[in-house]
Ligand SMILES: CC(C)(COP(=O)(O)OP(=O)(O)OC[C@H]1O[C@@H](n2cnc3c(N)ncnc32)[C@H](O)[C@@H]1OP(=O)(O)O)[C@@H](O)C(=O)NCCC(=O)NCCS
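Consider the single chain below, provided in structure tokens and representing the form predicted on its own.
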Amino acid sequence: MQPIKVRAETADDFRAIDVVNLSAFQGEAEAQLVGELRKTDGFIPDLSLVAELNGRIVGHVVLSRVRLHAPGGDKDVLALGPMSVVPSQSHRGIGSELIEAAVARAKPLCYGAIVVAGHPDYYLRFGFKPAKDWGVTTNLSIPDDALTAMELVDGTLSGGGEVEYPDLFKALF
């Protein structure tokens, strides 16, 4: 198999990213969310990554800035998602490569943590832990165990708090 190339998205990739999200989620909500995220101040172009295989975009992940309302004061953290892989290319490690690349790119940007809403069993294997272990909750309508988190800077999540996702995410949850 050809190596997977992970890189930051460009404007030329937008349509292909939409196709990846449409096929992975079998609906328009995630593709629309990505398009809307690009228009917000929480969007960080270097943290919207595509996976290419044989010159074709087969996966996408985005990390965006969200607020953690914590007892010691509000702080910016990153929210991972949506993350998508074309179904015909699933189970080839593409999602893993995207997540590992996103975490690696996020670390030097001075964000203290990454949170993920959904699919906890998948994200736990990358070092994410149940957010409730830190007392972290979210404004999304999801079960407590569906929120996972990873500290990039030790102590960022100590004391807990509530992650405030933008209203755009509420269409998915």
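These figures come from a predicted structure and were not determined experimentally. Start at 1 with the first residue shown and count on from there.
Unshown form predicted in complex with the named molecule; subsequent notes refer to it.
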Original post:
Might residue 121 be said to contact the named molecule in the predicted bound form, defining contact as any heavy atom within 4.5 Å?
Top reply: yes
**OP:** Could you confirm whether residue 14 comes within 4.5 Å of the named molecule in the predicted bound form, counting heavy atoms only?
**Re:** no
Original post:
With the partner left out of view, is residue 75 within 4.5 angstroms of the named molecule in the predicted bound form by any non-hydrogen atom?
Top reply: no
**OP:** Indicate whether the named molecule has at least one heavy atom within 4.5 Å of a heavy atom of residue 24 in the predicted bound form.
**Re:** yes
Original post:
Taking 102, 107 and 112 as a possible spot, do all three reach the named molecule in the predicted bound form with a heavy atom inside 4.5 Å?
Top reply: no
**OP:** Spot the stretch among 135-143, 121-129, 42-50, 64-72 with residues whose non-hydrogen atoms come within 4.5 Å of the named molecule in the predicted bound form.
**Re:** 121-129
Original post:
Of 68-85, which residues get within 4.5 Å of the named molecule in the predicted bound form if you count heavy atoms?
Top reply: 82, 83, 84, 85
